[in-house]
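Presented as structure tokens, the chain that follows is alone, the form predicted alone.
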Amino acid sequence: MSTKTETVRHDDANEPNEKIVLRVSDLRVLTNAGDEILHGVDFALARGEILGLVGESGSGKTTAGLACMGHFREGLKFGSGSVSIWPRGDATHLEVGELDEVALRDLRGSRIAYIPQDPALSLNPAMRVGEQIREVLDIHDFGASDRERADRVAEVLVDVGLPGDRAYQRRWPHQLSGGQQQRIGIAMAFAMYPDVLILDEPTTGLDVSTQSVVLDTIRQMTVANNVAGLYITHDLAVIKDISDRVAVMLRGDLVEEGPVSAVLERPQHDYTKMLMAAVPDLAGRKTIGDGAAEAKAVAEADEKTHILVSTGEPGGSADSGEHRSDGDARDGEAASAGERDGGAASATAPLLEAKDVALAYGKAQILDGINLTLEPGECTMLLGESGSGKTTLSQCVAGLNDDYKGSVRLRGTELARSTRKRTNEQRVGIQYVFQSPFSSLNPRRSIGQSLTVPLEMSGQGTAASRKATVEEALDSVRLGRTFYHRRPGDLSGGERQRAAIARALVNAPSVMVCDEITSALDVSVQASIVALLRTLREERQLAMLFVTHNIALSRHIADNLAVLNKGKIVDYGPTAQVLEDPSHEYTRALIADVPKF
């Protein structure tokens, strides 16, 4: 049995008291091989309060949360300790570890409810949303009649801010937005008036506006129903907004616990301090990642001036929603490199230019006259809610979506709409890094084999020279050549993302499109990726189009911000200018919804 690490506690709220609904005491969880992965964890949940359980991937926070429901993932088993719950109206408490499977099934969904990370995966695509809420009530024999159950479905939908009418209940999950799907999941969780709610990263992947609505819904429902909540996340900014208390986990140990204000404002444990330092702040009062290099990059970015693009014709009207700066001239310094990336190019042409890019599916206008430019070493961040068009625009630039009108130019040469019809040099010039590294890394191949594929496709070099190029790329993303023979499944999330970036780098592109590449990463891993991208920009003069809904990252990586709303750029300019003096109401609303640290 492993030694239990002493937890830094800021108060005695974890001691026995009448508000506690669930208590975890000296919980130890083992692998089937007998290795201990939770080392005597202690925490308590109180009615009407939310405890935020934070830590990096692999810290044990989800394992601890699932143990509260008597559930252990494949390969894990209960070791020792206890999970006790005091349901409403019961004179005695239940020991979750002593319940059989029938009793556990009755407990889950009625006394303890669970909301998973991905709402789409928690909803049955073949069932209408009203039926899915009703199913929870039917399974647990809610009420005395069908009428009571039907009324409860309508009531809980209204409680989570959705229509309770029959027409809405008959919608399919795919007809709802991500935020609406998550609120259906919340409605299912609250349908039986549970005592305890386990929330496992429920807003990961949601844009800031949708996240704000979902967090408000969770908070309001928790207080109104006097439920005890356990909110599992790696996002400390979210914890500050939603939690009353916070517990920090590190490699199976709970290292610090207390009120949010105490832990986040006066952290005592070194690990908590490190997590705090890695959280990006919208105000830009600190740097994240590689401190010295980051400060240098930020200083250089502040000295630059940039052309801004309009959402329509150049020189559009003042009410068109565009955001322009004083300097409207590019010096074209990198274009003088000549004719690389295909075709004779103008010495004054931008490295990358999108002009009047538009795309529609039937009556739905996805992109509506987008204009933007990008120069060597610059990073432009595309911001906006889900469905705003930012990923569609980035795919058009990369030739992954060929349905658009308008033009995309690389060093002044217009590119074919489809990547298949572009020249080899043009394909090499623009590389795409996907949100999930598994999209670009074959799990059956070694990292070295996956990184060699782009070189083979472009017909570059010999086998020996390709291997040398791949090893250099692995060095450049701070993985090292020892990763050449490892497989994606052997790597952490941050290591996989670094390998995906290396795959994009092997052909030495001019432009890299990063599509939500930090959205699922822990804050410390995210900070290291941000520092890596900044270094690559500086060392290689690599231009980046960075797609994200994480506005807080903007000051730490982007020279320019382009804010998309319903397929139009409504605000575009230097990062500080857009954040501090946004010209469009939509931008102001987005900034207002960012969790403040």
Partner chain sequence: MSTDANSLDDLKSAATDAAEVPKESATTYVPFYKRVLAQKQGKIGLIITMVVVALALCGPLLLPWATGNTATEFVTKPFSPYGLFGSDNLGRDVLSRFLAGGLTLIVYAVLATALGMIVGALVGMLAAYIGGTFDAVIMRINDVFLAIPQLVFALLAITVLGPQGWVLVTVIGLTHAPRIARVARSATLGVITEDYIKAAEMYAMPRWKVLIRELLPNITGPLSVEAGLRLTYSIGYIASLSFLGLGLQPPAADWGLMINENRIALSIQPWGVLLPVIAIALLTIGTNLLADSFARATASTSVEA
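Only a predicted model underlies this, so the values are computations on that prediction, with no experimental measurement involved. Residue numbers count along the first chain shown, from 1.
Just so it is clear, the following notes concern the form predicted together with the partner chain, a form of the same protein that is not shown.
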query: In the model of the complex, the residue from Tyr168, Phe142, Phe434, Tyr193 that sits within 4.5 Å of the partner chain by heavy atoms; finding: Phe434
query: Answer option from Glu201, Glu256, Glu385, Asp522, heavy atom within 4.5 Å of the partner chain in the model of the complex; finding: Asp522
query: Stretch from 51 to 59, 564 to 572, 22 to 30, 539 to 547 whose residues place a heavy atom within 4.5 Å of the partner chain in the model of the complex; finding: 51 to 59
query: Contact label in the model of the complex: Tyr271 to the partner chain, heavy atom within 4.5 Å; finding: yes
query: Partner contact for Gln395 in the model of the complex: the partner chain, 4.5 angstroms, heavy atom; finding: yes
query: 4.5 Å heavy atom contact, Arg417 to the partner chain in the model of the complex; finding: no
query: Partner proximity in the model of the complex: Arg219 to the partner chain, non-hydrogen atom cutoff 4.5 Å; finding: no
query: Residues of 495 to 532 having any heavy atom within 4.5 Å of the partner chain in the model of the complex, listed in sequence order; finding: Glu495, Arg496, Arg498, Arg503, Ala504, Asp522, Ser524, Val525, Ser528
